[in-house]
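In the form predicted on its own, a lone chain appears below as structure tokens.
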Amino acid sequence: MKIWDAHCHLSGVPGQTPAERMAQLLSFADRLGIERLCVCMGMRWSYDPTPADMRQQNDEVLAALQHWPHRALGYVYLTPNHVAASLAELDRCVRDGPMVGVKLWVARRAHAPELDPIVERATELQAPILQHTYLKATGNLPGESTPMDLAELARRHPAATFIGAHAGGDFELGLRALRACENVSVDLCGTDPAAGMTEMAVRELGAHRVLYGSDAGGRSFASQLGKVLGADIPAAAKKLILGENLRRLLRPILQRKKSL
């Protein structure tokens, strides 16, 4: 079974350089048979990056990808608080570079109109958008998106491809909020491996809209794999979640870049 991880970071991983950290991630992934990792954000990320910080973080991911082009894929980190700079980074890293997707975090909530030009350009480039989504019992960070925010954005851009990171955190609410948005898949990463999470995702969205992700180095590959491997779902659904769905979402841009 070819396992592709939809959600990894350089932060929280041992190493002084991006290449050292990427080598560590791959050594951990090799123990568990994970074939490819999608990586975003730099070694030290910020909640609301300036254009210079955003570029530095993307440069670090580009450096990490350089040594392992057949194992690692990159998402460009953008911020809707700096739209012009984000569009320039999108062109630099995706149109003219090796990256294959977009990462949006907590600078501004996903329903904001400032995201529209970023989404439109990403759609033109066939780049899926990984949007952080969370519902926190302690209250969200300023600018932190809920799954409801992502649903609003996805309805405005039906031709775009979105991945709702963390299945909304509180997955029982998050999955239902995204259920009607056929252009949104979810990844399962970043939370404790709670019983029933994957089963509910398959039941509410269909197995074709659920992705394995680890959130490494913030979480371990193994604990997040356990959500899928231990789920009471058919083997065919596990195969979709562990790799086939992500490969399908990335196939258009990978074919264009001749990276398949």
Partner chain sequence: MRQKDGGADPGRLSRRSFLCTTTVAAAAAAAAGWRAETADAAAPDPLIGATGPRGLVDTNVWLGQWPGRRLPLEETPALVARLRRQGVRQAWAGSFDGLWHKDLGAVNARLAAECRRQGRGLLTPFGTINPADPAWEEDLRRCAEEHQMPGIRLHPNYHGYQLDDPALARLLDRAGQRGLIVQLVAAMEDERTQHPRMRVPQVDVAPLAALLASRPELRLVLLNWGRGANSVQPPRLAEAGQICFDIATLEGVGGVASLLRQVSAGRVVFGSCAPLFYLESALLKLQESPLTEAQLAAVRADNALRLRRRVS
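Owing to the predicted nature of the structure, the values given are computational and were not obtained by experimental measurement. Numbering follows the first chain given and starts at 1.
What comes next is about the form predicted in complex with its partner chain, which does not appear here.
Per the 4.5 Å heavy atom criterion, its partner chain in the predicted complex is contacted by stretch 185 to 193, the sole one of 151 to 159, 185 to 193, 110 to 118, 86 to 94. Proximity of residue 134 to its partner chain in the predicted complex: non-hydrogen atoms within 4.5 Å are present. Residue contact check for residue 198: one or more of its heavy atoms lie within 4.5 Å of its partner chain in the predicted complex. Although the partner is absent from this view, residue 224 contacts its partner chain in the predicted complex, with a non-hydrogen atom inside 4.5 angstroms. At a distance threshold of 4.5 angstroms between non-hydrogen atoms, residue 209 is out of contact with its partner chain in the predicted complex. The candidate spot formed by 59, 76 and 146 lies out of contact with its partner chain in the predicted complex, as no residue has a heavy atom within 4.5 Å of it. Heavy atoms closer than or equal to 4.5 Å to its partner chain in the predicted complex belong, across 28 to 48, to the residues 28, 31, 32, 33, ordered by sequence position.
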